[in-house]
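Two versions of one and the same chain are coming, encoded as structure tokens; call them structure 1 and structure 2.
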Structure 1
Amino acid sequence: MNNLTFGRYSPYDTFVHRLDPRTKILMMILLMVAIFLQIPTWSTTLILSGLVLLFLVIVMITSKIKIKDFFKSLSAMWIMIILLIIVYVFIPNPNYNPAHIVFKIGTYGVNYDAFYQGGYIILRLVLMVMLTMILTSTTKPMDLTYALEWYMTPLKLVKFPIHIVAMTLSIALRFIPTLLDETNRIIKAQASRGVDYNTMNPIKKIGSLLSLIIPLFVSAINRSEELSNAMEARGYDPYGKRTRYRKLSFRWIDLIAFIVVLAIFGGILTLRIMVACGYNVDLIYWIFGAKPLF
């Protein structure tokens, strides 16, 4: 159960930790968009994705996220990665090209474009996981909700209950570690009664999971009731106007970080626009003067 700690906030004091959460969210969105901009010729895509990957690895190292933890979190994605490869290999390719066949299964030829397509999707997923991991492990959950609340302020004009949504979010985030501790406690109590959570027998596994899930739900419901009573006892009014103890502030380090990310985003966006305008975008050709591979 220890692999559930993926993306848990780790209290270091690094450059990335000190950034304003609002900047961090905006930067994450920009980079995600940049990752998902499709640019033809796989060599160019590979170089651009590689650059983003390199940038994210540098950010991870400077914010003291262990690369080992990142691979641990990926281990949960293995099944998805294998499924994706299978889907891409066996779904008929619209740009089927007999010259690109790697191997044949019966009369069905598998193009290597399929591997490139599947690999590209997986690379994107890995980059997304990296981005979210950087955000959540360098930002306190509370700061994240404050930032989200700030981004939602325009919705006030249409009478959207921003504060209630933000409060719900922050309570949910706040209770993740509590429920994890609770899970560990129940696991230990049931293990004392001979439950084996590592069993490979599927029927036994379902039974043992029941012995975990039911007590967990019971205690979560009890907790939520206690919490709502406690909030009401302290006069909580969801529609009340309130001030905040910690104020968020943009500083010059936010500006620097934002400019760096904007440069990456802008570069990739420019290339994409050039593609849309009909230019032949091929970095290999530009740099080495070589012919496009295909």
Structure 2
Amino acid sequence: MNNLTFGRYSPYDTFVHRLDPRTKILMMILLMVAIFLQIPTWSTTLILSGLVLLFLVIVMITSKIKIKDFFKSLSAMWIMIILLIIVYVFIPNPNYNPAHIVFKIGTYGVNYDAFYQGGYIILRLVLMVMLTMILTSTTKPMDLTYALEWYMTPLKLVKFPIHIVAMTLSIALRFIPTLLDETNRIIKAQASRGVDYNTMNPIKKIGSLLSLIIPLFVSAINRSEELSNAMEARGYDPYGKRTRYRKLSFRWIDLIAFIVVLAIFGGILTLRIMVACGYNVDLIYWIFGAKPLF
């Protein structure tokens, strides 16, 4: 459970930490959209994805996010990655080019396209995890709540309870690291009582998971009840007029960061539009004057 880093804020004073949370949310949305703008030409798609990956690695290093922690986060998803590879490599697809067969298993040919599709989906997953980790590691939960509430301000016109939704999101984000710590505590306590969480026996595995899930649910319910009682005791009114101790403000560093991300998004979007208009978008051909091998 220590491998999960979503929701864990790292208190450093870096360029990324000082950015306005509203700017960071907008930049994350633009990069997520750019990641899913797939271009039919394989070489171009992989080059663009590699450039985005390099950009996010630089941002992580600048934000003092440990690459080791990122790989720990990915280690929790190795089963999903294996399943993706199996689905794309070993399930027949009639759209694959028969001239791109790598090797055969009996009469079934494994295609280059399968490896490309599986690898590209995994790369997308990696980029999404990196974006999420950067946002949650460099933004305080309350600042993230204020930013989301600011974006939902137009919904006030239709009497939408934006403050209640924002407060719910804030509490959920605050509870994630708390529940992870509680899970670790329960695992150690149950292991000291003889519960084996590493067993391969499916029946014993279910029993060991139940010994973890039931106390975790009870603890979560107790914590939520304590939190609600504390909020009531302090006179919290979800419909009252709200004030802010700390005001969010855009600065020149937010503008610079947004322009950089907008340039990345604009470049990928431009290439996607060129493909829709019938242009041959092949970066290897443009740069080296040669076609890719496949």
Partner chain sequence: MPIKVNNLSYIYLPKTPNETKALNNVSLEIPNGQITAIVGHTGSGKSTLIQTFNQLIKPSSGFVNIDDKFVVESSKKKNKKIKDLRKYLSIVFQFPEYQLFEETVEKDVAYGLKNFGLKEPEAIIKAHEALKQVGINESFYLRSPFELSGGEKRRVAIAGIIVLDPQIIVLDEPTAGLDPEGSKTILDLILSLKKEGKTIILVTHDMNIVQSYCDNVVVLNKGELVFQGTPSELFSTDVSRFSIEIPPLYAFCQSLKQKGLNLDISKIQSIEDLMSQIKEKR
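The first residue in the sequence of structure 1 is number 1, and each one after it adds one. Just so we're clear, the structure is a prediction, and the values are computed from it rather than from any experiment. Rigid core: the largest C-alpha set superposing within 1.5 Å between the two forms.
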- [ ] Specify the structure that is the form predicted alone; exactly one of the two qualifies.
- [x] 2
TODO: Would you say whether Gly118 and Phe258 lie in a single rigid part, where the chain moves as two parts between structure 1 and structure 2?
DONE: yes
- [ ] Measure the rotation of the smaller rigid part relative to the larger between structure 1 and structure 2 and give it in whole degrees.
- [x] 7
Open item on the list: So with the rigid core superposed, the C-alpha of Asn222 shifts by how many Å between structure 1 and structure 2?
Closed with: 3.1
